[in-house]
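Quick setup: one chain, the form predicted on its own, written in structure tokens, and binding and motion questions come after.
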């Protein structure tokens, strides 16, 4: 275990706690990830002090060069500072007791054993001593090391008590299982299922923090399948839960939209670490249940699901306390547009359709194309290859049009203010009609994206509706 103590701060802590005759341990996620060899994911170090953690934190910080600024949280008896690329937290050993209507415990000072018992999972209860006479000693009362080797999540105590006391731990269990590619023990899985309704006492912000970490895992579908299996999905994301299932009529079935969505999410995750693009993948077909219809001649249809889904995104984000404004607009836009490139594959591609897609997608065109390629799912590898090759052709055509016409995020060469000034008219519907007609003419390829051609069209349109330039009145 001494390989986990290479960070220089550990020797400084050891000298100080040895001189003070205080027991100290590195504990929790740092130990777990170090043993797993996940050094790239280690961003913080938890130091457990049997005594006053704040006092030790201050003295350690004073002994370091450069001296870091210590943040004190007296209410929780904790302190932290940043040193190099690490966040180092100091906390006094404690034991906790909970009331049924709150996940915030009553806290009192405790021993190392008390603190390890209160930990959420056995793999997070492992500790390494930092005091000189026992430096590097590994303390593992709940066989967390064996659970790491077996790749299984268990709780130190009865999971029914663990999850009832702090229901957020149910989401943490699913998050860790997803991130680490671990299994939940039968008892943990049953404990979550039994206590799933207790999640209602946890703030949505805390739930969404865990949800976003699940979304950012290498294979986020694992987390959503576990949430579904344990009953949490229907509570936290009912719109996604509703995607489940297959209906058959007259021998015609549609695909399971839930499983398809998870495949798209995993596909995106192999291509991008953009959290909000992953959210777009999760929500791209969110309105299919609301738009599902059976037509005997055609089978199942979901007409307009992209537009209804786009309108559902802000409400889902509000319910989850996710960032609104630009994040919502981005996800809503991708959901609304996700069928457009697919339509270009199946139809004869026109320059006009390409220009409009470039204009509507703007700076998000590349993300949209990545989403659409991820949306190609089939059990037939040849069919997937065929569609992906078609998308390569669409990408090539998009680049040709963009290089030639400079359409992305373009502003019409003649502004509304200029139209009002040239014709001497006030703000009105007429101004908008002329401006929109110029934009459509450029996107349809009737004129080039140039000021000269746009002005000529503006004068022509004005003449057709009886407007004269102000200097000719």
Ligand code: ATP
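Numbering follows the first chain given and starts at 1. Predicted model, so just to flag it, every value in this text is computed and none were measured.
Unshown form predicted in complex with the ligand; subsequent notes refer to it.
Practice task
Give a yes or no for residue 213: in the predicted bound form, does one of its heavy atoms lie within 4.5 Å of a heavy atom belonging to the ligand?
Solution key: Contact with the ligand, yes.
Handout entry: residue 440: touches the ligand in the predicted bound form, heavy atom cutoff 4.5 angstroms
Key = Close contact is absent here: in the predicted bound form, residue 440 is far from the ligand, nothing within 4.5 Å, heavy atoms only.
Exercise for the section: Would you check, heavy atoms only and a 4.5 Å threshold, whether residue 444 touches the ligand in the predicted bound form? Expected result: No.
Handout entry: Contact label in the predicted bound form: residue 279 to the ligand, heavy atom within 4.5 Å
Key = Heavy-atom contact with the ligand at 4.5 Å: absent for residue 279.
Exercise for the section: With the ligand left out here, work out from 300-308, 247-255, 171-179, 233-241 which stretch has heavy atoms within 4.5 Å of it in the predicted bound form. Expected result: Careful reading of the contacts points to 171-179.
Problem - the ligand: the contacting residue among 131, 222, 118, 196 in the predicted bound form [heavy atom, 4.5 Å] - result: Of the candidates 131, 222, 118, 196, 118 is the one lying within 4.5 Å of the ligand in the predicted bound form.
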